[in-house]
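As structure tokens, one chain now follows by itself in the form predicted on its own.
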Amino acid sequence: MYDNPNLERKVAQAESKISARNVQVFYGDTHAIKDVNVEIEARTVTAFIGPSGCGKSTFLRCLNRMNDTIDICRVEGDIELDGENIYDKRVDPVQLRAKVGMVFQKPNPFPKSIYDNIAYGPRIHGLAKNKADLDDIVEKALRRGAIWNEVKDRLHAPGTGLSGGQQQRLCIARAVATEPEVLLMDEPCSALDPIATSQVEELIDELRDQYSVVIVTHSMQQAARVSQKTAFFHLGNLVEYGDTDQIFTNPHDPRTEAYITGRIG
């Protein structure tokens, strides 16, 4: 496609936010993730789908080195963010997690005020020069989390006093407050009711204007609604990866079709 192979490599890197090559994950002697190769695009929502225990959350946690916190876990292979190896010994995992934010399955606001939930990360990373700066960061993050209008008059009330859906949007706002480039979401709606789920899905769609979003979901309908790219995992293997429409309407692998149609899972 390109006469100059170096140019081809640069173009590929420009389109990919995260490149994973030959990634293996072991829990002790258990080989949990086998030979995963995937390119995650910038400003795109990528969904990881597959049966429970297939490795999708394990692989997601490789992307911001959350697996480092598990003693028996070992990750092999290459994962690059903007062409830089995130497992290089010189990479500080705390700084990496500021760039690759994470939202968990169950809303987990800190036992602090709404304001301090958002201000926590920017304070640690020295993103604000003064109180006015911090106020701006907090407001901007809460607006991006689509919750500013609901909480602007009670910023000093505890974050734990919000409803489940509000707590999850607060956690998303907290994740974007450190100006990340990638947002990882591990089943962010599984603990929410349908109305709150719809609000979070709308928010995910808005966030892709500024971030690469990777979402693990057990709901194929949700993957179809929110993502542009879908990866299907089965028994630790990445079976198929492509445009969401193609994966759901014309999968290439019979295992993907069996999962989509409900024959496995």
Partner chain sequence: MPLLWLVLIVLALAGAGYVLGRQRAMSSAGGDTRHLHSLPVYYGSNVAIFAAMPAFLVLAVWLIAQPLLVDSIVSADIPATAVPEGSTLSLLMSDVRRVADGLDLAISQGTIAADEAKTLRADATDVRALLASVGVALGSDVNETTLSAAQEFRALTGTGSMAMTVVVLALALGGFAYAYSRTNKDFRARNVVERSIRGLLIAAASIAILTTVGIVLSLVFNTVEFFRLYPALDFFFGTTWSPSFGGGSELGVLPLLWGTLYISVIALAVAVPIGLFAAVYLSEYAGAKVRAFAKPLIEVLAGIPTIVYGLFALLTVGPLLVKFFGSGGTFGVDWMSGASSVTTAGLVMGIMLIPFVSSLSDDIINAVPQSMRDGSLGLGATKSETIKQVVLPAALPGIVGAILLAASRAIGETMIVVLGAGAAARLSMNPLEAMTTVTAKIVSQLTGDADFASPEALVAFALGMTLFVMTLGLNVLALYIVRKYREQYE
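For clarity, every value in this text was computed on a predicted model and none was experimentally measured. Positions refer to the first chain, counted from 1.
Heads up, the form predicted in complex with the partner chain isn't pictured, but that's what we're talking about next.
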* Asked: Okay, which stretch from 135 to 143, 76 to 84, 189 to 197, 107 to 115 lines the partner chain in the predicted bound form, with non-hydrogen atoms inside 4.5 Å?
  -> 107 to 115
* Structure fact -> Only hit among Asn37, Gln210, Gln221, Thr69 for heavy atom within 4.5 Å of the partner chain in the predicted bound form is Thr69
* At the 4.5 Å heavy atom threshold, is His125 in contact with the partner chain in the predicted bound form? -> yes
* Asked: Even though the partner chain is not shown here, does Gly165 get within 4.5 Å of it in the predicted bound form, heavy atoms only?
  -> no
* Asked: Even though the partner chain is not shown here, does His234 get within 4.5 Å of it in the predicted bound form, heavy atoms only?
  -> no
* Asked: Heavy atoms within 4.5 Å of the partner chain in the predicted bound form: does Val100 have any?
  -> yes
* State yes only if every one of Ile215, Gln246 and Pro251 has a non-hydrogen atom within 4.5 Å of the partner chain in the predicted bound form; otherwise state no. => no
* Mind listing which residues of 224 to 256 have a heavy atom within 4.5 Å of the partner chain in the predicted bound form? -> none
